[in-house]
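Next comes just one chain, in structure tokens: the form predicted alone.
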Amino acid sequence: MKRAIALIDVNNFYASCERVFNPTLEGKPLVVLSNNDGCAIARSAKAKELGIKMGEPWFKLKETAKQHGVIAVSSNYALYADMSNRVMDIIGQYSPSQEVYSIDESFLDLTGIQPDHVKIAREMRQRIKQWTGLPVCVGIGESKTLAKLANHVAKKRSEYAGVCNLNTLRPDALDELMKRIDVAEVWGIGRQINTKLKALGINTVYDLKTASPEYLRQQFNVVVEKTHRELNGIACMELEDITPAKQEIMSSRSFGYKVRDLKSLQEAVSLYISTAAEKLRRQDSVAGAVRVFIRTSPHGDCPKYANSMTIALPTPTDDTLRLAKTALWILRRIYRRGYEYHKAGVMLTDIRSVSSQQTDLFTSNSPSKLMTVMDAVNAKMGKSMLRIASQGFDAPWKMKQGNKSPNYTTNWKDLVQVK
């Protein structure tokens, strides 16, 4: 039986989420901006046609926007995360083996599940579109790399109507298809590797597929050799049913306005440590060390300053209060007056599983009742509904979101009203 791995990918995910709740954006050049409305992190098909590049600063695009009616919206991560969860839940109904690869991509093992995988893929596309309003493409192959390649074909070639199953192609037809695709489109082939491959005369996917594995191992590393094997239908990367726990958790953000006073920095660091602690508890882990950093902008003529410090905790913990106390202690020691701070952040390190932690008379393997209640309330009532006092409420330093859409699916006040 042929292995059948599917990759389901939402088209222009951030932009598509915005269009679901604002249909007037359909068919228009749309750009989603990064934190503080800095640069383009998502573009609709129309925006791409205008030559707008990923990561291009918004201030450089304003003239183009005026000429062509480009619409820019601030990033709405709460909306995107919720829409992603809905899509992943639908995808998971089609197979017991699913790997959520990113916010808009998921692998699915369809091996042995009904012989007509194209029919399953089309039904999946229709259901996701009907239930969420989001368009997806599906690629199917014998390995993850082939599934990624099939998804690329499904997106770029209209004759496939959003679904490409490489397993159904004859070997000669598959080879002809690979000869027409640049090797840069292969999953895992970055800019440097692509340049070196081209220098060696490996220009297409077919060239890489038919290259000598021993030669590739000599010229590159085991990763490129694995990619070669995957292109030949030998699965070297299995689906991860459970996302491995993170070994480090960072929470940081650039400020919307320059911050000078310690109080504002304390509020920001308190928010970041609370966010990191929630992620820590979500993966049933504890942290043994806390790092805090602050810095001014590297640009402009203002005085420059950057500093950080890491403190090991007496006992690993997932308690927000203990982690915040340590983070604020560090902040007070690295803060210097007279500077305009541009960014702050925290990092939890020395992370280990709660179950592997050796306890004593004064510690427990389970989160405190206060943390359990806090997480439950915030999950039900909204992010930061319960918070530590040092977070404050006004947050004048928070990032700029001058044109942010409402939280349609996560805030009762923002529900769409039909009149």
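From a predicted model like this one, the values you see are computed outputs, not experimental measurements. Quick note: we count residues from 1 along the sequence shown, nothing fancier. Think of the rigid core as the biggest set of C-alphas that the two forms share within 1.5 Å after superposition.
Another form exists, predicted together with the DNA; not displayed. Remarks below refer to it.
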{"query": "Joint contact, 15, 160 and 178 to the DNA in the predicted complex, by non-hydrogen atom at 4.5 Å", "finding": "no"}
{"query": "In the predicted complex, the one of 34, 368, 390, 378 near the DNA [non-hydrogen atom within 4.5 angstroms]", "finding": "34"}
{"query": "The single option of 93, 247, 212, 85 touching the DNA in the predicted complex, heavy atom within 4.5 Å", "finding": "247"}
{"query": "Region of this chain that lies against the DNA in the predicted complex, out of 161-169, 109-117, 323-331, 249-257 [heavy atom, 4.5 Å]", "finding": "249-257"}
{"query": "Close approach of residue 105 to the DNA in the predicted complex, 4.5 Å, heavy atom", "finding": "yes"}
{"query": "In the predicted complex, residue 41 touching the DNA (heavy atom, 4.5 Å)", "finding": "yes"}
{"query": "is_contact(residue 222, the DNA) in the predicted complex, heavy atom dist at most 4.5 Å", "finding": "yes"}
{"query": "Residue contact check: residue 101 to the DNA in the predicted complex, 4.5 Å heavy atom", "finding": "yes"}
{"query": "Residues within stretch 261-291 having a non-hydrogen atom within 4.5 Å of the DNA in the predicted complex", "finding": "279"}
{"query": "Core-superposed comparison between the shown form and the other one, residue 199 Cα displacement 2 Å or beyond", "finding": "no"}
{"query": "Flag for residue 258, CA shift 2 Å or larger between the shown form and the other one after aligning core", "finding": "yes"}
{"query": "Rigid core superposition, residue 288 Cα moves 2 angstroms or more between the shown form and the other one", "finding": "yes"}
{"query": "Closer or farther: C-alpha pair residue 131/residue 383 in the predicted complex, relative to this form, given a change of 3 Å or more", "finding": "farther"}
